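The chain below stands alone and is given in structure tokens; this is the form predicted on its own.
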Amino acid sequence: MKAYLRSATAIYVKDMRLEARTKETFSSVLAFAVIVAFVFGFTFDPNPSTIALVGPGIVWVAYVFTGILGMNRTFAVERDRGTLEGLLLAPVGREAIYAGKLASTTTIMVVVEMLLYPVFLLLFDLDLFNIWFVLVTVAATVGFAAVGTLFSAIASNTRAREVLLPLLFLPIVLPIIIGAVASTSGALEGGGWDRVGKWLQFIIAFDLVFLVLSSWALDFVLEE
């Protein structure tokens, strides 16, 4: 277990240092997210009744599509730089590679989501500083990253990875998107566990299933 955690941490730290140095993924994802939010801001009439209806959907459309943009680079950077082969030859378990990549993807997504909070507050008057919304966001983001990390490894083997990843990713995570939108709607309306709890439990169950399946399947994907 110590070797597993040490290897996963090393991969995570390596990815975070690379991102801190280049800021390629973070800057592009954040810029895209802000553009998406502004497009929706000019599309819908920002009155309270309209925002109450479409606000949760706007939030999660922005989160999902910016997440896809970031996930595209999870393994693509390794392949483009020719470092994936070295990573596979290292005395590191495939589960540790998955865990490190999952952690780095989740971190970037969470940081971008936090930076979007004031944008949604400014454009749509959506107060997202709500404990239930934070819990749902963290749980859903882990689910997105769990699936996206695996499919990023699959898509990185193809030339059309920018097209293939959304085609693979979106049908699988559709249940978690529905749960996130429904629970966000309940949280923004002031609901507590009675409105959010069942969806939060569903999202966490989804996370657990795909964390196990994706970690197991990555070994076969990387060997291809």
Partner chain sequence: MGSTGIGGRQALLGLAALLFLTNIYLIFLYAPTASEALGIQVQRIFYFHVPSALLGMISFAVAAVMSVVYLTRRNRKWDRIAWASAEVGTVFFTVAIATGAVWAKPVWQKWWVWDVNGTLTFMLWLVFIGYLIVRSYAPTVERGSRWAAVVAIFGAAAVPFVYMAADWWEGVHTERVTGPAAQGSLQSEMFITLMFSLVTFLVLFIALVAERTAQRGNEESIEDLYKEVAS
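A quick note: this is a predicted structure, and the numbers were derived from the prediction, not measured. Residue numbers count along the first chain shown, from 1.
Just so it is clear, the following notes concern the form predicted together with the partner chain, a form of the same protein that is not shown.
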Listed residue (29, 58, 181, 187) with a non-hydrogen atom within 4.5 angstroms of the partner chain in the predicted complex: 181
Interface segment, criterion being heavy atoms within 4.5 Å of the partner chain in the predicted complex, picked from 68-76, 120-128, 102-110, 147-155: 147-155
4.5 angstroms heavy atom contact with the partner chain in the predicted complex for residue 214: yes
Residue 171 within 4.5 Å of the partner chain in the predicted complex, heavy atoms: yes
Heavy atom of residue 199 within 4.5 Å of the partner chain in the predicted complex: yes
4.5 Å heavy atom contact, residue 35 and the partner chain in the predicted complex: no
Any residue of 193-211 that, in the predicted complex, places a heavy atom within 4.5 Å of the partner chain: 198, 199, 202, 205, 206, 209, 210
